[in-house]
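Single chain ahead, written as structure tokens, the form predicted alone.
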């Protein structure tokens, strides 16, 4: 049974890797940005756990900034993806402009929350 689970896991990883190899470069760059934003949020949470959260507003602002940016990047990825039929009429330039504008609003709110 353990051998079957290991071979199934290897087959799944091989399948995911081959499917991701066909992903366009611009979507891979967005994926890397999302991973970076989530990793930064995790690092901030670990730092808060080790050192403490004296200026709690700063900690909360930093984590919410990272998570909000990651969510907006996932939305950008879904809009730019050519295989997504829901946004077929939306040009990529418009999707990127929406992403930049929403990021600007997000970070203005976060700066206001800092005080």
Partner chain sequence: MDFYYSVLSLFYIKQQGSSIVLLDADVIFDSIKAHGQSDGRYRYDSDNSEPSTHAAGIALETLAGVLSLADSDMDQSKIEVVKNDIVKLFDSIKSYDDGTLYFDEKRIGDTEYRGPLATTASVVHGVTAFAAIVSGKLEINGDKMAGLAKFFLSIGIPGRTNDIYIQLESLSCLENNRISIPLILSFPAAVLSLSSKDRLKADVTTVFGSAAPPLTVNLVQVFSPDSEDVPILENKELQCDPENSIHYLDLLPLKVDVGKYILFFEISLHDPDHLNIYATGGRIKAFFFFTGIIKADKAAVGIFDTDAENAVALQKLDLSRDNTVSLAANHLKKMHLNFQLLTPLGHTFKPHQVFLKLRHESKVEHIFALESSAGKYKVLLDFLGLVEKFYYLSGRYDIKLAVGDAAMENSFLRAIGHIDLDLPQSPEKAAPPPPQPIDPYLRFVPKQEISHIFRAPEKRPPEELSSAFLVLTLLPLVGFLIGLLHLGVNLKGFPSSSVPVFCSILFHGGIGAILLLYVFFWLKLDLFTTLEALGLLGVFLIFVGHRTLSHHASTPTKLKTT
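Positions refer to the first chain, counted from 1. The shown structure was predicted, so the numbers you read here are calculated from the model rather than taken from an experiment.
The same protein also exists as the form predicted in complex with the partner chain; that form is not shown, yet it is the one meant from here on.
Residue contact check for residue 6: none of its heavy atoms lie within 4.5 Å of the partner chain in the predicted complex. Among residues of the shown chain, residue 90 is not one whose heavy atoms approach the partner chain to within 4.5 Å in the predicted complex. Not displayed here, the partner chain is approached by residue 40 to within 4.5 Å at the level of heavy atoms in the predicted complex.
Taking the partner from elsewhere, residue 25 is found to have a heavy atom lying within 4.5 Å of the partner chain in the predicted complex. Of all the residues from 48 to 64, those having a non-hydrogen atom no more than 4.5 Å from the partner chain in the predicted complex are 50, 51, 54, 55.
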